[in-house]
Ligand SMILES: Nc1ncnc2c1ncn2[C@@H]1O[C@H](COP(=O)(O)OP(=O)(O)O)[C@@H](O)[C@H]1O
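Let's start with one chain on its own, the form predicted on its own, as C-alpha cells.
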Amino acid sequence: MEDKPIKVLLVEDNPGDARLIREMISEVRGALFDLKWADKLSTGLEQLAAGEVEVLLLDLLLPDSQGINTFARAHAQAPEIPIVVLTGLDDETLAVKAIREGAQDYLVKGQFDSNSLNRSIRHAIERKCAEKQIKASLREKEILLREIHHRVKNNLQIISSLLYLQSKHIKDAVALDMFRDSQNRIKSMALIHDKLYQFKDLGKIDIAEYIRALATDLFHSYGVEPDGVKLKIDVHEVLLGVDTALPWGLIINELVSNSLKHAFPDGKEGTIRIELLRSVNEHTFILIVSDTGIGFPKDFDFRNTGTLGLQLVITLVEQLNGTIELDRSRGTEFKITFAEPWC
C-alpha cells in the first residue's frame, strides 16, 4: 500500500523562497508531500483552522506579523500541529525562545538542504505524535491518581463514621473523648485527600483553604457555640506538598482540639487564632496556633507530657525537621517553624 502524502502548509511571503522550498521537498526520494502555500499569516491561520494540515513551515517575518509573535499566533491557532520555523533570522536567542515555546525545529534559510528539510519535517511529526502519547499517558495517570485520593478519602471517612457509631455505645467520658480525638485525626487526613482530589495540582494543596475547612469542622465536632469561642484565621494562599501538608494538618488538629477541650472551661469566652507567616526568602514557614484561654500550669512541660496529642505534635514537628516554642504570656501560643523539604 502506497504511503499517503504528508500535508504541509508553508507560510512564506517571498515567492522565490516558497518556490525553492517546494523544489527541495520534491527532490527527496520516496517522500510524498502535499504542499500548500500562504503568503500572509492571516491566510495561513485560516487554512490551519480549516484543518487537514499535518505540519506547518513558518517564516517569522511576514507582512502582517513579525518575530516570535508570528510563531505564538500560529501555535495558539493550532497547538496540536507541529511547527518548523523557516526564517532568514539567524538569531540564536530567538531560536531558543521559539523551541521553548513549542517549535519543533528552527531552520535558517540558506543553511539547510532538501534532505535536512525532509528530516526536520518527519521528525517534527514524530515528536509531536510522541508528545501526544505522553500527554495522553499523563492524563490517564492523573485520572488514576485522583481516583486513588478519592477512594482513600472515602475509606478514611468510613473509618471515622465507624468510630462515631461505636462511640455512641460508650459511657465512659475518658474513652469517649479518646474516640472523638481519633475520629478528628482521621478526618484531618481524609480532608487532605479530598482537597488533593479537587485541586488542579495533584502534588500540592492550598493550605489556607484546608486550614479553614479543618478548623471549622473541629469547632462543629466540639459543639462550640457561635457566641462562645471565636476562630480567627490569618493564612494567605500557600501551596504545600502532601508530605508536608499531612503532618501539618495533624499538628493543627491536635493544637486546636487541645484549646477547645481545655482552654475555655465552664463556657468561658475567648479566641483561637491560626496564623501562617512566611520568611522573606520564602523558604521558611512559621505556624502559630494560639488561644486566649486559661493557659497551661506554670510547671507543665509540654515536651514531656503523657498526653498523646502533644506527644504526636512533638513527633510530627521533628518529622518536619522543625522547631516548636511555647509562649504562655497571653494564654497559650505555640510557634512552629519549618521549611519545605525541597526549598
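From 1 onward, residues are counted along the sequence shown. Because the structure is a prediction, the values reported are computed rather than measured.
Same protein, other form: the form predicted together with the ligand, not shown, and the subject of what follows.
- Heavy atoms of residue 259 reach within 4.5 Å of the ligand in the predicted bound form, making it an interface residue.
- Taking non-hydrogen atoms only, residue 67 never approaches the ligand to within 4.5 angstroms in the predicted bound form.
- Under a 4.5 angstroms non-hydrogen atom cutoff, the ligand in the predicted bound form has residue 310 among its neighbouring residues.
- Using a 4.5 angstroms limit between non-hydrogen atoms, residue 263 touches the ligand in the predicted bound form.
- You can rule out all but one of 37-45, 57-65, 296-304, 314-322: in the predicted bound form, only 296-304 has residues with a heavy atom within 4.5 Å of the ligand.
- Residue 332 is the sole member of 315-336 found to place a heavy atom within 4.5 Å of the ligand in the predicted bound form.
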